[in-house]
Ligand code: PHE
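Listed next as structure tokens is one chain, alone, in the form predicted on its own.
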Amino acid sequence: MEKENRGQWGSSFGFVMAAVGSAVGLGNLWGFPFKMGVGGGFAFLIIYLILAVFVGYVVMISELTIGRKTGKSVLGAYQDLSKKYTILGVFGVLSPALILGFYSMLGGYCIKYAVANLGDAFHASWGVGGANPADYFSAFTVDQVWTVGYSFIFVALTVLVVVGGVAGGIEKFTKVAMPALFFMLLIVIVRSVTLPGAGAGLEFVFKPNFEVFMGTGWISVLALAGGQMFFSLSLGMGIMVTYGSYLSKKEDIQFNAILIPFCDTLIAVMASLAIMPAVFAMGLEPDAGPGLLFITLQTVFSSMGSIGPFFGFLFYALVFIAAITSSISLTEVLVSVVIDKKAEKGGNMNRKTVSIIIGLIIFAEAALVSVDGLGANGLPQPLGFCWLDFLDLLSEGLMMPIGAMVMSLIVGWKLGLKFLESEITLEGNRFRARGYILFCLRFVAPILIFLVLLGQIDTFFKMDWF
């Protein structure tokens, strides 16, 4: 099957924006700041950067290479390498499928809060209306009709873009959305850092504080940073393999494997600058967990007076943009698998039909998570987790790190440098840092990912191993 028949990125900028859009999502504007809060601020940032250099870069360059070399979706790509690697492709399909279940619900929450702040700006009845942010969040969480409705809107908007295809839908949308997100974030940062008392938030982010590493605390920070890295950089979930399969042979894979994590980390740090100074300025806690996005920050906006709703709308609108660009890439993984499998059998699948069917499946998942209401509505709790945490456990907690660890071992020990070099050096591109990449794939990445996996299990199940 020729790559041209599957679709291809129209430009280098379009690919980078789509890939960065995939990486930049709720993991950056929600997960990174609150995990930084839990992980001790600067200490978390240092561990995250180390993991990004020694694990994120080499895993990303491997996934992009596998995708472009095979020219297939994640399932077909690993099967093309060897039938023995099919399980990695299966993980690459299941991970985004599970993530979309709770991601779509959270994306719906972002739409709701953007609408509510817009309502406050115009003194409409559908705004927050001066309600206590914690009470407002709790009331919305248990409102099954509205949570399901907003999840449907988010899924529908995602499908609408994916239906347009690689260049005409995904690339076209992200080329506008990502620069818009960047400039919107700059506006929020300016307001956040100029609030009285914001200096304490800046100090929290950038002042060295390694007390959290005392005893076995380092493994908890490692697990937080590792889970964040996989989720934020879209690793181990089939996205980079899929996007790599649409990549022109002229593109420099090594350069893109550096540029994407750099841009992603930049946005994550910017998100921390937008959030943490405001949190400290209002005397709130930086380790408020998931409630940081919808309770703590809404408290900040509600405390800003008449200008607060406008900044609230702007912030939740940009979080929505970040969320939907990632949702688009996750959905594309699933759509590409179905289309490729049908093509291998000599048939054709209409992209619009496949996208709608996949969208309906995702919505059914998201509806379940929404109805569960973070465990507040009395649904059965698998393994004692609410449905959001359960899906997160299976995907981010287990499948993504296991898949990435096995993949790095296969590329490092089985396929070797020749496999990478044959694709990376096309069109005269240089293969820099060959020894570094091989060493990391063989030794550093598997060990660090294994520690992250143990930390994830310890965090989810409270094993008290460390």
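Here the rigid core means the biggest group of C-alpha atoms that line up within 1.5 Å when the two forms are laid on top of each other. All residue numbers are counted from 1 along the displayed sequence. On a predicted model such as this, the values are computed, not experimentally measured, just so you know.
Omitted here: the form predicted in complex with the ligand. The next part is about that form.
The ligand in the predicted bound form comes within 4.5 Å of no heavy atom belonging to Ser272. Of the heavy atoms in Ser73, none are within 4.5 Å of the ligand in the predicted bound form. A residue is said to contact a partner when one of its heavy atoms sits within 4.5 Å of a partner heavy atom; Asn28 meets this definition for the ligand in the predicted bound form. Though the partner is left out of this view, Ile239 does reach within 4.5 Å of the ligand in the predicted bound form, counting heavy atoms only. Within 4.5 Å of the ligand in the predicted bound form, a heavy atom is found for none of Tyr113, Ala116 and Gln298. In terms of contact with the ligand in the predicted bound form, the residue from Val279, Ile99, Val319, Ile170 that brings a heavy atom within 4.5 Å is Ile99.
The listed set Phe231, Phe154, Tyr78, Phe315 contains one residue whose heavy atoms approach the ligand in the predicted bound form to within 4.5 Å, identified as Phe231. Only one of 181 to 189, 156 to 164, 217 to 225, 323 to 331 lies within 4.5 Å of the ligand in the predicted bound form by heavy atoms, and it is 323 to 331. Taking the ligand as it sits in the predicted bound form, the stretch 336 to 375 never comes within 4.5 angstroms of it through any non-hydrogen atom. When two forms of a protein are overlaid on their rigid core, residues whose CA moves 2 Å or more are considered shifted, and Arg68 is not one of them between the shown form and the other one.
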